[in-house]
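One chain comes next, on its own, written out as C-alpha cells in the form predicted on its own.
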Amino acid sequence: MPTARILRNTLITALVIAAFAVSYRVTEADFPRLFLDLPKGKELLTAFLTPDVFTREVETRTVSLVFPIPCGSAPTEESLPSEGPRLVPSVLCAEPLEKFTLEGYDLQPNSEVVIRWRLPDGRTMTAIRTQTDANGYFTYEVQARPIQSTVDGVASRLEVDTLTPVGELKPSQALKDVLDNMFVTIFMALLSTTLATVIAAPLSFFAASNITRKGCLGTTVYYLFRSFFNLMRSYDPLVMATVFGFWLSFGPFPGFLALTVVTIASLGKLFSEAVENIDPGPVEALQATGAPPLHTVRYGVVPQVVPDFISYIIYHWDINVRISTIIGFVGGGGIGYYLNLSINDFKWHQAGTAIWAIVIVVWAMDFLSSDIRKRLT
C-alpha cells in the first residue's frame, strides 16, 4: 500500500513538472530578456508615470532654413546667421535618407523643440521632438526624408518650432477627454448591469433545481435555462463586442449590448445558485399550507435571496467597469477606446492619463462594492 501511494505521488509529481515544462516552452518565456530590454521600455514607463493632467498656454516660435533634397535640386542658403535664434546643419543639403547633425542656438531655453519638414506645397512632416537646454541650445541627428524638393520654384525647408509654456496651469485637454470617456464607461457598465439584472433575475428561478426541477416538464425547463446561461457565459465580452460592432457600427451602444448579454448569463448563474442555497424551511412551510407556487417564491424564496442578489449586482457593476475598458479596444466606446487611440497614435502621456484614471476608478469601485456587500451580509 505505501509503495502504491509512493508510485502514485511520484507519477502525479512527474506530470505536474512535465506540464510546467511544456507551459514554459510554449510561452517562449525569456526572463533574462525582460531585464536586458528594460531600457527600451524606459520611455513608455516614464510617460505612463507622468500623465498629461495639467497644461499651460504654449508660445510657439519658428526658425527655418532652405534645405534641398537631393543636393542640386534647389539653391541652398547663401549664408547662415551667426547671431540670434538660428539653425546650423552640418551640411546645407542632403541626399534622401542621408543623416546629418542639426544644431539650434539662442532658442527659447528649456522648451520643447519640434523639428519638421516644410514641403513645397505647404504641408508639414514632423521628424523629431527634443528639448533645448538652459541656454536655448539643442543638437540632434536628423535623417533626410525622400521628399519633393521644389514645386513651382518653392524649395522645401527645415523648420524648428520651440514650444514654451506660458501662463498658469490648467486642466489639459487629455484630462477632459479622459474624464468624459470614463463617465461613458461607468454609466455604460451601470446601464448594462441594470438591464441584465432585470432580465436575469426572473430567469434565474427557472435555472434553480430546488424551484423548477420537479417532474419531466420542470426538469426540461431547468436544463434548458441552465444550458442557456452556460452557453452565453462561454462567449468572451470582446467577441460579443466585435459581433455587435460589425452589426451596429462601433461605439458605446454595441459595447453596452455586449456587456448586457454577458452579464445576463453571469448574473443568471449566480442568482440561480443563490436560490438553490436558500433555507428550505420557509418554502416547505408555505407548501404545507397549500400556498400556490408563485406565493411560495414570493414569500419563501425572494426575502432570502435579495441580499445575495444585491451583492452580486454591485459586484458585477464593478466587474463591468473593468470589462468595458477592454471592450473599448475593439471600438466599444468609453475609456478603453480612448486608450486604444492614444496608444496607436504613440501619445504615451495621454495613454498614461487614461491608465491612471482606470486605476483610480477601479480602486474606488472595488472599495465601494466591498463596503456595500459587507453591510448587506
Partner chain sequence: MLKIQNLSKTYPNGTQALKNVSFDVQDGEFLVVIGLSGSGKSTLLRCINRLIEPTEGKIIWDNVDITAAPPAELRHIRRKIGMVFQQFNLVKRSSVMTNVLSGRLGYVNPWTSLLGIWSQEDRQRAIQALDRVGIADKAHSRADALSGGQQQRVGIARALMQDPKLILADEPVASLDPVLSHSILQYLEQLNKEGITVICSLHFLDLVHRYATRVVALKDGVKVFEGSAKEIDRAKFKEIYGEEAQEVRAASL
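Residue numbers count along the first chain shown, from 1. Since the structure is predicted, the reported quantities are computational estimates derived from the model, not experimental observations.
Another form, the form predicted in complex with the partner chain, is not on view; read the next lines as being about it.
Every residue in the set P282, L294 and G300 has a non-hydrogen atom no more than 4.5 Å from the partner chain in the predicted bound form.
Put simply, T164 is far from the partner chain in the predicted bound form: not one heavy atom of it is within 4.5 Å.
In the predicted bound form, the partner chain lies farther than 4.5 Å from every heavy atom of T130. Interface membership of V239, defined by any non-hydrogen atom within 4.5 Å of the partner chain in the predicted bound form, is ruled out.
Remark: L248 does not count among the residues lining the partner chain in the predicted bound form, judged by a heavy atom distance of 4.5 Å or less. Proximity to the partner chain in the predicted bound form, taken as heavy atoms within 4.5 Å, picks out 285 to 293 from the listed stretches 250 to 258, 223 to 231, 135 to 143, 285 to 293. A heavy atom within 4.5 Å of the partner chain in the predicted bound form is found for exactly one of G218, P89, P85, P307: P307.
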